[in-house]
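Here you get one chain, nothing else, as structure tokens; it is the form predicted on its own.
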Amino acid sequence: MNGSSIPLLNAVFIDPEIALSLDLPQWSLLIRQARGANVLPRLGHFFEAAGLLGQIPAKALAHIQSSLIFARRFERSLQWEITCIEAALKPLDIPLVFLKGSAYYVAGNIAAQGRIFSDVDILVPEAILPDVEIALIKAGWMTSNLDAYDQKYYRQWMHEIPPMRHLQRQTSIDVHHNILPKTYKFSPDAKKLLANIVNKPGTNFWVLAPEDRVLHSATHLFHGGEFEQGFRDLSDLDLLLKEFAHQENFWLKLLQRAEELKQQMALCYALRYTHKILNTPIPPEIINTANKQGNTVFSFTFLDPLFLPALQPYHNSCNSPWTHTARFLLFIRSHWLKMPPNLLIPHLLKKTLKQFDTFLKNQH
């Protein structure tokens, strides 16, 4: 990759020392791109790990240090939130399994450093969802104010119950029973995920196994339809893969687990686009095997023009004339993957009519 042909933020994420040659206007652009992508604290951690903070111009350093202070405060708030969730669910005597950003924090993954997110995600067996929801309500969380249709949408078809918000702290929790919707034909067996969870010693905190953490991150990014955080999520994958690659037989386990959980397609995309966009070091034979398992070789002709622009930092300077269209088409694709046509078409009609009705009410 040539640093001049890609967004500045991408080039610095690949090689932080590039930043030492930037002038102040370029530093300004780098910081704005990082803010837009919600990775400014992570960028600060990269500089810190590389021993570069002392060489950054004072005006730029002020923004980076401020983001690092914010990230440390966020971590303290997150730890308190995790403690409150643990207390709320303690009577149920179940493993407290965290997902995504909170899982990276609990597991001490590099991907947790400087990662800012809005809610805590947990995974529980579907059979005890009612008990979990009641326990959280007793502890002060309330289900989002959704109409009957949206309640049905979550509870009958999705992989989670409606989001819950704490009445006092205004913090959010997403309670999952799987990592993909029930309506998705490649939805994995959640029991296999829970059978492979890993404990944080001395606690009742659990996370998915390393290879499952990668696969969940991949499914969340490449089957989802929202790409405002796409670059950050791609960076998550980059950091997880780099960290876990040192574990014995990791790549083989990852390929095998993708087959067991029916996530070959998501893994194929994760390996392809982390390598293309962030130069993630992945053995070529692993990429080739993932391509064959995912049966996606021919789809790259259509998907590269969509994912490559959509996964760039969420900032105008990183956009091409095609970026907004690419993100919109991937949003449509996510719905097509999520639901079969007999459910999707009525769902889209229902949501469109609902939005139109809201629009009319706002005109009066």
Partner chain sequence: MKLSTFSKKAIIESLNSDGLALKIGLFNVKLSSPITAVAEHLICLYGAFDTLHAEDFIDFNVAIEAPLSIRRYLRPQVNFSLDGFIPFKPLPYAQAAAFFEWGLNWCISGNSNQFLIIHAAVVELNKQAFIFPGAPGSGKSTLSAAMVCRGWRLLSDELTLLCVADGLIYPVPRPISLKNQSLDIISQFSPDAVIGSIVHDTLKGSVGHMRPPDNSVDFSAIPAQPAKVIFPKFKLGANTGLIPLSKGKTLLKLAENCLNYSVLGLDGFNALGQLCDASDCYDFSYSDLDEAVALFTELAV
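Numbering follows the first chain given and starts at 1. Remember, predicted model here, so these are calculated numbers, not experimental data.
As for the form predicted in complex with its partner chain, it is not shown, yet the points below apply to it.
Residues within 4.5 angstroms of its partner chain in the predicted complex, judged by any non-hydrogen atom, belong to 56-64 and to none of the other stretches in 328-336, 56-64, 42-50, 299-307. A residue is said to contact a partner when one of its heavy atoms sits within 4.5 Å of a partner heavy atom; residue 24 meets this definition for its partner chain in the predicted complex. Not displayed here, its partner chain is kept clear of residue 276 by more than 4.5 Å at the level of heavy atoms in the predicted complex. The closest non-hydrogen atom of residue 70 lies within 4.5 Å of its partner chain in the predicted complex.
At a distance threshold of 4.5 angstroms between non-hydrogen atoms, residue 76 is in contact with its partner chain in the predicted complex.
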